[in-house]
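So here's one chain in two forms, each on its own in structure tokens, numbered structure 1 and structure 2.
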Structure 1
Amino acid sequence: MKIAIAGAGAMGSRFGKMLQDSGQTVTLIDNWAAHVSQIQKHGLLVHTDGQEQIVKFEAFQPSELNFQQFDLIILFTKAMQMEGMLQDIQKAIGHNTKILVLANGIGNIETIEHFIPRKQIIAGVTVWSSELDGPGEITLTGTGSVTLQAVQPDDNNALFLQQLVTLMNNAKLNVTVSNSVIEAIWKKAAFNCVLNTYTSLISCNVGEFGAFSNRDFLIDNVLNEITSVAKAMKVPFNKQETLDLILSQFKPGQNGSHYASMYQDLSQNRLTEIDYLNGYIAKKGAEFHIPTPVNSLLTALIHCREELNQMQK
């Protein structure tokens, strides 16, 4: 299978590395010139548990793609970069190209649908993690899994999905096929709407947030609005399961000392995925006439933090 990773940052490079280790040939596509150039000249330097490995890849900026088309494109930009990436790689997407999206946030499928038919989209969530240390260098952290589903299942993509799952599991990516991936996407997004957003605004880690006396009030207000919006949109969303997942993070030995990715994005002066988390809930709330004052306010506050970062640059 001819595979490209579009957005070869922390996660894209990790998936590329694991697939390539399993014998697949993977092309990395990224618009960060220094990163691409480093991979082209020296390979990708991968740190895992104190060990170092150089992995050789074919790597391109989108403008260097030269009309090659792929059977599978794994889209791994941040949610707000997805549209730009899809515009940049249009010539690499053929009538039979499947796009797999595992990025965080809600609304990614809607973005991709502007570029290809739903039957070519496979969506999911992943709890793998990775860090981008600098151009051509990543650190792999922990283990993980992937849950995915064809957005519009039919006989043609059922066969492709089977091949994809086998290929990804050969790369030890721990893939399972779900029949409710939209629910999984919303659950992960709702988890992030609570933990990423509050801990970023308060500047605390997950364990500190879990110890706040008013944490249940804060969590409930976000989840109640998500529940109402999901109901209006006829999307399956289980508030209790999401709450249990959030509360499980506060147990000793879990992720207490972890700083959320949004906190790290703001600390490093990067834009956040807020418009695809609380911002998506606020936007859909307005569309469906559901009041979402809490998610709207949290979205505005995170945008203030992004703007403040720009002012202080």
Structure 2
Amino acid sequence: MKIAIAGAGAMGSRFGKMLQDSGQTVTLIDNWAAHVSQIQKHGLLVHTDGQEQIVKFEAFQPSELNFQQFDLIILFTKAMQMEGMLQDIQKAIGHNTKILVLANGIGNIETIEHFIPRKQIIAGVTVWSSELDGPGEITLTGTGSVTLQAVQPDDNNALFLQQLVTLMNNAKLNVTVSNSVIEAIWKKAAFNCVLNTYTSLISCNVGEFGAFSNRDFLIDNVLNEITSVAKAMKVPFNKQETLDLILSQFKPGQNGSHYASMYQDLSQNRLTEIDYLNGYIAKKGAEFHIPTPVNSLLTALIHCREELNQMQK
């Protein structure tokens, strides 16, 4: 299968590395010129448990793709950059190209539908983690899993999905198919509304947050508001399952040493996905006249951090 990763940052590069280790040929696509150039010249430097490995990839900026097309494009582009990426890679998307979206946030499927039919979209969520150390360099942390569902199920999509699950599980990505991926997307978004946002504001890793004495109070306030908004939108959301997933990250051998992607973005003076996480909850809360003071405050605080970064440039 001819595979591309669009948005080859920390997570996209991790998936590319794991897929290529399993025998697939993967092309990395990213808008960060220095990152792409480093991979083109020297390969991707991967740190795992104190060991280093150089992984060679074909890597391009979107403008360099010309007319090559792919069977599968795994979309890891950040939510606020997704529309631009899809516009830039239109020539790489054929009539039979499937797009698997694993990017964080809520509302990504609606964005993709402006570019391709629903039958070509596979929605997914993942709790794998990775850190982008610099151009052409990542650190792999913890373990994870992936949940997938074809947005428009039919016989052809069922066959492709079966092939995709086999391919990705050969890469040890721990993939399962769900009949309710929207529920999984909200679960992951709520997970990020808690861990990404709090750890970014506090400037700590996942394990340090898990050790705080008022951890449960902080988590509960975010999840309670998400539960109310999800109910109003008639979206399936299970607070207890989400809480269990969050708490599992604090266990030994999981993702305690991980610094969230939002933390990494702020540390590199990049904009965050806050408007597609806590900000989305606050926006929908306002539409449905549901108070969301905690998610609204967290959104405002992250925007303050973004503005401060811009002032200090």
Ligand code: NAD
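Every residue number counts along structure 1's sequence, beginning with 1. Because the structure is a prediction, the values reported are computed rather than measured. For the two forms, the rigid core is made up of the largest set of C-alpha atoms that agree within 1.5 Å on superposition.
Colleague: Just checking, which of these two is the form predicted alone?
Modeller: That would be structure 2.
Colleague: Treating the motion between the two structures as two rigid parts rotating, tell me which of 38, 181, 126, 88 is at the hinge.
Modeller: My reading of the hinge gives 181.
Colleague: If the larger rigid part is held fixed, by how many degrees has the smaller part turned between the two structures?
Modeller: Angle reported for the domain motion between the two structures: 19 degrees.
Colleague: Where the core is superposed, what shift in Å does the CA of residue 231 undergo between the two structures?
Modeller: Residue shift at the C-alpha: 4.3 Å.
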